[in-house]
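Coming up is one lone chain in structure tokens, specifically the form predicted alone.
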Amino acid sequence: MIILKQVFKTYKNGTNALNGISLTIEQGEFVYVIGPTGSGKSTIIRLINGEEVPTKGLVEVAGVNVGRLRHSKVPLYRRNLGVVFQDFKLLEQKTVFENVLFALEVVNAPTIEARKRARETCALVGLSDKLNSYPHQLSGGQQQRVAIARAIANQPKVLICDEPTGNLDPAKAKEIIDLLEKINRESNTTILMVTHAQGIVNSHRRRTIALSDGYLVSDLAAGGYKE
């Protein structure tokens, strides 16, 4: 599903963000990516979602050589991806239902099907009773559930989660991880989760990839990486 083969990334300012990273993530895997600030985690996300191209090496997602995509083809490619951010990035003037529906409208999904899918997705994340609520009326955990619903509404093959529990207390963070595990299990969605939450990594054990200074320093099948 995701293949990085001898990937190097050097930015214009001379920063070597990745140094020969090679890894393969199979369809349906749930993988943590951990490491200190500046280790290369964000660069991997940018390469996978087509924001950046590798200086050298192969980045392939769902059979697509992402580094060779024409700029005009990137939006279409991104329909294979869902992305969840730490700060939710919800549309404040839209309701929960409208936020989720919007993700389907932008890909021109038929109206009746889109509305049905939006309701189903909201139900999956436990927000059926909040369809008409606005983001400011929700707790942080509920807002993150909306963000997740929006990200999976189009049934992406890959879900990228960038510090999805960073703004949540431990109890709400656990709820979000449990939800992601449910999505992974029931939809066979490949999940790549960047996190600093060591407690989550150790308590919800999954494959864990650790980076440092642009190098892959550990790849543990059962998770539980400790510095």
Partner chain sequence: MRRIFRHIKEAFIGLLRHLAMTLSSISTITITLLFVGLFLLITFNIEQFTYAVEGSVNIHVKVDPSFEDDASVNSLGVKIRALNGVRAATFSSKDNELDAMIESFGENGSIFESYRGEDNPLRMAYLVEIVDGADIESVAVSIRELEGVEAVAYGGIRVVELLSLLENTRQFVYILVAGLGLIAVFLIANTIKLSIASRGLEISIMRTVGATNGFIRTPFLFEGLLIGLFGSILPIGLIAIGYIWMFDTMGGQFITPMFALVNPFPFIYYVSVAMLLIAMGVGLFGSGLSVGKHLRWKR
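Residue numbers count along the first chain shown, from 1. Note that the structure is predicted; figures quoted are calculated from it, not measured.
Missing here is the form predicted in complex with the partner chain; even so, the following discussion is about that form.
Using a 4.5 angstroms threshold between heavy atoms, residue 50 counts as touching the partner chain in the model of the complex.
Heavy atoms of residue 69 reach within 4.5 Å of the partner chain in the model of the complex, making it an interface residue. With a 4.5 Å cutoff on heavy atoms, residue 108 counts as touching the partner chain in the model of the complex. Among residues of the shown chain, residue 91 is one whose heavy atoms approach the partner chain to within 4.5 Å in the model of the complex. Residues are counted as partner-facing when one of their heavy atoms sits within 4.5 Å of the partner chain in the model of the complex; in 19-45 not one qualifies.
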